[in-house]
Every structure is written in structure tokens, then in C-alpha cells.
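Let's start with one chain on its own, the form predicted alone, as C-alpha cells.
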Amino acid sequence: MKKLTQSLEDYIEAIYVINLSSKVIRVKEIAKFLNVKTPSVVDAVGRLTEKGLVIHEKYGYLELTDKGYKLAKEVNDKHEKVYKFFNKVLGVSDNISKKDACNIEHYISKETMDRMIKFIKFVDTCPEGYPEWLKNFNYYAKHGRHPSKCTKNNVSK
């Protein structure tokens, strides 16, 4: 199957996320979740149905097919990992991390994504705890200067 557009990935991810908390998914819930008009949802759902990713009876409930569920989970997992990298590792605010993750998840290469995942796992499981250099980076990002313990080695203060 040809790769989905960014828009269709957003729709299938929305269906997946809504389905996590609700057994019943309707067009109006997707429209509200994505802040779009219902005709846009109807069009997208039609295209997802043609691709065999969604089952939707006119004016009825929606559900993901097995293939759709697998793809939606992959998109959502990628989104969550990019969000975590921005928010937990780089210290980017929650709202900006969510927005940027939503945009970048569609374009990031597998190689870069794999590397980010390994980096997050390394930081999370480091036996020495949260790496000192990452604490120093977060201090630098917040204050615009190195912490005092770093300045002795910094030639270009």
C-alpha cells in the first residue's frame, strides 16, 4: 500500500486515540478531536475505507480494520516517542512538544526515529541516573549560560 498522506495519518491516528477511551467512534467525534468540519472527516474516512483501513457504514459507527489498527498504532507510537524526546529530553514545553511531534512524525526517517528511541531508552535506563551533561544542557537551554561547573572548560564563554 502507498504511504498515507499526512492528513490521512492524522485521521487514522485520531480514530485510534479516540478508540482508546471510547468503544463507539462517530464522524462527529473525529471532527471535534481534530477541530475540522464533518464533511472533511467524511471524505477522509471514505478514503481510509477504500484503502481497507476503516470500516464505516453510512451514518454509523467507525472501526479500524486489523490493518488500520496496526498502522494507526505505529503512527501514534511514533508521535508519542517524538513528543517524549522533545518534552522529556530536550525540555520543550508540553504544548510545543505536542504540536511539533504531530508535524514531525509524518516526515522523520526511520533511521532518525530509531536513533531517538535508542537515546530515550539510554537516558531512561542509565544506571548512573539522569546524565549530568543532559542536566547541564537543560540548565543552559533555560538560562542561556552554562552552569558554573561547566564554565571552567568553556573557552568561548
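Numbers for residues come from their place in the sequence shown, where the first is 1. Computed from a predicted structure; not experimentally measured.
This protein has a second form, the form predicted together with the DNA, left out of what is shown; the following refers to that one.
A.B. asks: In the predicted complex, do T5, R47 and K58 all reach within 4.5 Å of the DNA through at least one heavy atom apiece?
C.D. replies: Every residue of the candidate spot has a heavy atom within 4.5 Å of the DNA in the predicted complex.
A.B. asks: Report the residue, out of M116, V27, A101, V92, that has at least one non-hydrogen atom within 4.5 angstroms of the DNA in the predicted complex.
C.D. replies: Only one option qualifies, and that one is V27.
A.B. asks: With the partner removed from view, which of 120 to 128, 92 to 100, 107 to 115, 38 to 46 is the stretch that lies within 4.5 Å of the DNA in the predicted complex, judged by heavy atom distances?
C.D. replies: This holds for exactly one stretch, 38 to 46.
A.B. asks: Note that the DNA is not shown here; using its position in the predicted complex, name the residues of 76 to 105 with a heavy atom within 4.5 Å of it, in sequence order.
C.D. replies: Nothing in the stretch sits within 4.5 Å of the partner.
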